[in-house]
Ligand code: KG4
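As structure tokens, one chain now follows by itself in the form predicted on its own.
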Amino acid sequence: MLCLGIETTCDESALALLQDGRLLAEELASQVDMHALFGGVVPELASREHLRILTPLLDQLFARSGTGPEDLDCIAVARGPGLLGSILIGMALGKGLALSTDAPLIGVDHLRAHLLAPDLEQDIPFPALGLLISGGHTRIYLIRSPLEFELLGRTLDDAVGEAFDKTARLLNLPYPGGKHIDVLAGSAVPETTLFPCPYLDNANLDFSFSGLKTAVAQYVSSHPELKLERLDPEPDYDRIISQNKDLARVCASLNWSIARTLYQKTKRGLKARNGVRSLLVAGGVAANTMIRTTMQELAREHGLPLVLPSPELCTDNAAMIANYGFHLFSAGYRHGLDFDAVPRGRAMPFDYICTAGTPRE
């Protein structure tokens, strides 16, 4: 079975083909350099770039794989959450292809696709406790199977990726900020009392990183020497570290506070859900070195395997969309052409047409 995946929820235009659940070919056009000039994603520019590049990308994908639209058995497209204008561009492509080829269409939850991304590389022991950490989302799920997700906790305001990006802007580091902070942090020892581990004085599994963002902003404001003189799209890390050792220390301290916060909340989730067989961490921020190390420590403490996607599958990609779409289609789920986009902040409906019995969420 040949499944096409389409991903346009933010600033990555991505297409992928899966043949019987295995990656056959993929194409990706990143907009990072464009948005780096503004310190973050500009929604209007993102949607225009998706519109410009998707059709050429699709032609390249079919040419590389030796396939064509007529070979598609199903089409999976990310319907959200994300930037509404960007999502609509990808959905228009998916619906157009479905209409012209009669291939079944599946709208995919971008967040669940992230959590199942490791499935492309390794087996996931279910039930799993899943931690999703990205630029716009921080969530904990109980995942009983590829089709059964229970949301246990979520961010109440700012996501973990936003804390990294906002700090990067304050320091004059380019977007996306997390990878630059992670590199600089690797050369310093964190000061564990410099920044708080936010929103731990409670019994729930929700997150809040707005207070941490404020604490970092206040510290940088009172230490203006930390800010780089100019924003360089390709920072010279060695020069920065040699000339501004305090900057590396601040980056390491922020990394530590975020990693320990995620550790404590995820540990709480593991204690509340006895019987899970693995700990799964996914999303763009899952590429962070200290977070990966900290989650490995937590998994080891509980005698669980840690399931992590490779760094390439941490970022937004179409292979994960095709993968989750493949699972849904194989279980008998599909959409008509009338399903809608789901922007960030709106609940994702489970509104599939089920051809194999009663739908389950």
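All residue numbers refer to positions in the sequence shown, first residue = 1. In this text, all values refer to a predicted model and were calculated from it rather than measured experimentally.
Here the subject shifts to the form predicted together with the named molecule, a form of this protein not shown in this document.
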In the model of the complex, the one of Ser278, Ser134, Thr266, Ser253 near the named molecule [non-hydrogen atom within 4.5 angstroms]:
Ser134
Contact with the named molecule in the model of the complex, heavy atom within 4.5 Å, among Pro118, Gly90, Gly107, Gly177 goes to Gly177
Does each of Glu27, Arg112 and Ala319 have at least one heavy atom within 4.5 Å of the named molecule in the model of the complex?
no
Per contact check vs the named molecule in the model of the complex (non-hydrogen atom within 4.5 angstroms), the hit among 90-98, 139-147, 157-165, 213-221 is 157-165
Please run the contact check for Thr315 against the named molecule in the model of the complex: heavy atoms, 4.5 angstroms, yes or no?
yes
I'd like to know whether Ala128 contacts the named molecule in the model of the complex, with contact meaning heavy atoms within 4.5 angstroms.
no
Please check if Pro198 has a heavy atom lying within 4.5 Å of any heavy atom of the named molecule in the model of the complex.
no
Report whether the minimum heavy atom distance between Gly284 and the named molecule in the model of the complex is within 4.5 Å.
yes
